[in-house]
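What follows is a single chain, given as structure tokens, in the form predicted alone.
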């Protein structure tokens, strides 16, 4: 019920917020976005960081080994890109049906100053229940982003600040090796087969 209410609200905001979406595109995917580092993410087995999930449990790259993983960097105060992407991810998981249980799905904040464990717990509850929220210290968030080759930066605004950040979703196989990215607004008919490919590789390795 909570998720349906949120998605309905998000749809109304999207319909009325064309300028906001344009501003989000400019900051994240357009000319205002940070320059991507142009290198592949490290294997999860080569990353070193410790974070806390939205239930207060300590997590890290080792938490993700054993299942294919979808990882997305964003923040809960994000006006457009993050709720849109998490709604898209929820749709991909719905399309996968019971197979969604074979995935790790993590939303890693780039705004730890505001995104506490409690805030993350409340926020991810609006989306698919498989999505986990991860937060931590600024230093540990930076270490995680470095391993994923994600970029982010704090940008002052009239009302405080916002965050520029990588908008793509990172996809890893069960062994922790990078498979692909799923781009912002990538159609479901392209995104879901990418995920299934990573899951197929998991099945092949197990046989």
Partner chain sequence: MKQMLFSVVAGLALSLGTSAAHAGSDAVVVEDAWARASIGTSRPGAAYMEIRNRGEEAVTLTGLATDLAEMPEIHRTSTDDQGVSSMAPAGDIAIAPEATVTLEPGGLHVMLMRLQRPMMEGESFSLTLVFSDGGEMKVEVPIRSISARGPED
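What you see is a predicted model; the values in this text were computed from it and never measured. Positions refer to the first chain, counted from 1.
The same protein also has a form predicted in complex with its partner chain, omitted here; what follows describes it.
Colleague: Of 44, 144, 167, 70, which residue is found within 4.5 angstroms of its partner chain in the predicted complex when only non-hydrogen atoms are counted?
Modeller: Filtering the options by heavy-atom distance leaves 167.
Colleague: Is its partner chain in the predicted complex close enough to 53, 107 and 172 that every residue in that trio has a heavy atom within 4.5 angstroms of it?
Modeller: The answer is no; none of 53, 107 and 172 reaches its partner chain.
Colleague: I need the one stretch from 135-143, 178-186, 44-52, 57-65 whose residues put non-hydrogen atoms within 4.5 angstroms of its partner chain in the predicted complex.
Modeller: Of the options, only 178-186 has residues within 4.5 Å of the partner.
Colleague: Give a yes/no on whether residue 129 approaches its partner chain to within 4.5 Å in the predicted complex, heavy atoms considered.
Modeller: Result no; residue 129 lies far from its partner chain in the predicted complex.
Colleague: Heavy atom to heavy atom, is residue 96 within 4.5 Å of its partner chain in the predicted complex?
Modeller: No.
Colleague: Classify residue 101 as contacting or not contacting its partner chain in the predicted complex by the rule of any non-hydrogen atom within 4.5 angstroms, answering yes or no.
Modeller: Close contact is absent here: in the predicted complex, residue 101 is far from its partner chain, nothing within 4.5 Å, heavy atoms only.
Colleague: Just checking whether residue 112 would be counted as a contact of its partner chain in the predicted complex - the rule being heavy atoms within 4.5 angstroms.
Modeller: Contact with its partner chain, no.
Colleague: Relative to its partner chain in the predicted complex, which residues of 117-136 have a heavy atom no more than 4.5 Å away?
Modeller: Result: 119, 122, 123, 126, 127.
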